[in-house]
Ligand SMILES: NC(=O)c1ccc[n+]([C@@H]2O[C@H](COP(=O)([O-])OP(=O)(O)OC[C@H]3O[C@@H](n4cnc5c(N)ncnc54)[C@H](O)[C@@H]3O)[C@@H](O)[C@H]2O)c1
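Take a look at this one chain, the form predicted on its own, written out in structure tokens.
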């Protein structure tokens, strides 16, 4: 790609299937337009998006539509509801009916759910077509769009059907974040805290210093944070592209978080909010395994500053059953991702089930309290 201005960061993810440039910054879509136009030239282009995102930001893609031979917009449901086998099947049928070919293109234009579904649809259609991630939420820009993980949900668990299919580009235009509600920014910020706590202490300090500004959606303030979080994730993915080792560190807070989402029927709490509760619970396990209290208190305090919505009344047995079905679980049991100290995480197995059960009951009674 050609050089960009100082406000655009260009990161590179090397993976077994090639290279994915990741562009971050205000007007990143404008900066990426020449290369994306060449990629689309003469092809059928499928845009997977939601009605809300298309109404807010569809005009940003309009210049690219002139490069494609055909431009087909495929709208899907908002949120986790889109991530179903039925939604994927509908996309495949619509793409086939529209004359999709092996060299057709797909743009996933929306939040993390759109990216997961769109990438999954692209990876399976005619055994795989190229696609681009254009994430429009903070959560998707810092995490979901990077690393090639795609998938849909089954009734028994989240992301239980999927594949690795890396996008040709990721274009994270931070100017679109200004239209996000504060609740959506909060959800994404939990994922930033997750990565900062285990991978980047300097980013963690930035979050402590500027959290209120970031939650206000200031694109200029968010740009460096999105870049740092994306760089942290790229480093982990390059070391472990198929999640056999270090990449599992990115699941900090997700073991309980996914169970909470499942128990709530994927309604009421956003993904990041459920992960925030997962982080608070994981800190309890980490404290009993050597995490120094000052680090635990700093992570705990930063999550509390996000003002998570109330946790619904949940049955601990239902949560335990959901965790047992988690896609990260091994035959030997659950693997917990825990902070060892600020900036360093580790994976712990062999946590006794009675400890998890007792700890979970206490946590549900008082989720915002860090035990003495």
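Each form is matched to the other, and the largest set of C-alpha atoms that superpose within 1.5 Å is called the rigid core. A quick note: this is a predicted structure, and the numbers were derived from the prediction, not measured. Residue numbers count along the first chain shown, from 1.
One more form of this protein should be noted, the form predicted together with the ligand, which is absent from this view; the next part is about it.
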| property | result |
| --- | --- |
| Among 172-180, 298-306, 100-108, 219-227, the region lying within 4.5 Å of the ligand in the model of the complex by heavy atom distance | 172-180 |
| Heavy atom distance at most 4.5 Å to the ligand in the model of the complex, all of 287, 316 and 351 | no |
| The unique member of 324, 56, 38, 69 whose heavy atoms fall within 4.5 Å of the ligand in the model of the complex | 56 |
| Contact residue in the model of the complex, chosen from 88, 203, 144, 291 - any heavy atom within 4.5 Å of the ligand | 144 |
| Contact flag, residue 94 vs the ligand in the model of the complex, heavy atom cut 4.5 Å | no |
| Contact test in the model of the complex: residue 160 vs the ligand, heavy atoms, 4.5 Å | no |
| Any non-hydrogen atom of residue 149 within 4.5 angstroms of the ligand in the model of the complex | yes |
| Residue 132: touches the ligand in the model of the complex, heavy atom cutoff 4.5 angstroms | no |
| Members of 217-243 lying within 4.5 angstroms of the ligand, judged by heavy atom, in the model of the complex | 233 |
| Large Cα move at residue 266 between this form and the one not shown, threshold 2 Å, rigid core | yes |
